[in-house]
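The chain below stands alone and is given as structure tokens, in the form predicted on its own.
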């Protein structure tokens, strides 16, 4: 089964898609693809078959998203919590992942045709080495594609991601790349696995569960959350349309909340910069400077230096992450 399934929508699907596209459309949709095991029980087949059908549904859903001009999709493929399942099921999921990433590497021409960039988000060091290498090859091979993006959260939980982001900032402070005063909500966002992507506009969970299960907790603070009762392998184009309609109905309130948050975040950063400037002036015995223009110059200078430090740190962090993938790819070539 191909990662990107070819084919056009039916006439009635195209008509419905065009009607939907007249309203605000989500640019980034996240899926918690829940219900594979229940589907297997319902159909009286092995769990592994349920997971296989779930992957096939992902390929079909990606086709729908492309036809709806949704250019970024993030999926919850394997939680760190899933390692607690039976060894047989975990081994089966690892083998399924091997098969699908090998298939992806065979489909590079098709992925290049659609401009699909594959990103894998999570703690890959928790995975078997051969699977890490396959994933790294897929990520590196599609890195320059920029028409649409598929983010696969594998060996992932949001709390683990946030904890890792805090560790990355601590590393930056230890290396002298940033100061502890540079740490902020905005910087933490840029240290997440998902830092290359905008936050999802719409998050969809199937199977009737109404919780996030530790998925994109930080990134979905201002997203539209839609919980649908259908099992993931039975998901349809019409289920996706229903979720997009829910997004459109709530679009204005979501936008207002997001814009208010951005304004508050900017004010918080400004206040933090002012506090740092005031402390520096006090330390240098110039806390009595009365000229407002001088204070503004000092604040602007400090802000520019902070932004320069932060950009240097983020570049170093990206280089570290790129090296991880390139080293795995080199190991795979030598193996």
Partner chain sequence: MAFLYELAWRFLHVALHVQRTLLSWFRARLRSCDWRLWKRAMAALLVPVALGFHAHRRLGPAAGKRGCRRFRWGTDGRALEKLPAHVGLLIAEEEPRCADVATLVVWCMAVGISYVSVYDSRGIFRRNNSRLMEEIQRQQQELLGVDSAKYSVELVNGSSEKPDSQVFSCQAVVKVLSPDDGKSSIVSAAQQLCRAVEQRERASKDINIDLLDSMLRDSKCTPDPDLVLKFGPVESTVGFLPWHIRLTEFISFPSHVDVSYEDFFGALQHYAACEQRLGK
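Keep in mind that what you see is a predicted model, and the values were worked out from it rather than measured. Residue numbers count along the first chain shown, from 1.
Form predicted in complex with its partner chain: not shown, discussed below.
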item	value
Its partner chain in the predicted complex reached by all of 81, 84 and 163, non-hydrogen atom within 4.5 Å	yes
4.5 Å heavy atom contact, residue 179 to its partner chain in the predicted complex	yes
Its partner chain contact in the predicted complex: residue 174, any heavy atom under 4.5 Å	yes
In the predicted complex, residue 101 touching its partner chain (heavy atom, 4.5 Å)	no
is_contact(residue 22, its partner chain) in the predicted complex, heavy atom dist at most 4.5 Å	yes
Region of this chain that lies against its partner chain in the predicted complex, out of 123-131, 146-154, 215-223, 106-114 [heavy atom, 4.5 Å]	215-223
Interface residue in the predicted complex among 27, 305, 43, 37, criterion: non-hydrogen atom within 4.5 angstroms of its partner chain	37
Option touching its partner chain, based on a heavy atom within 4.5 Å in the predicted complex, out of 240, 73, 183, 118	183
Heavy atom within 4.5 Å of its partner chain in the predicted complex - qualifying residues of 244-258	245, 246, 248, 249, 250, 253, 254, 256, 257
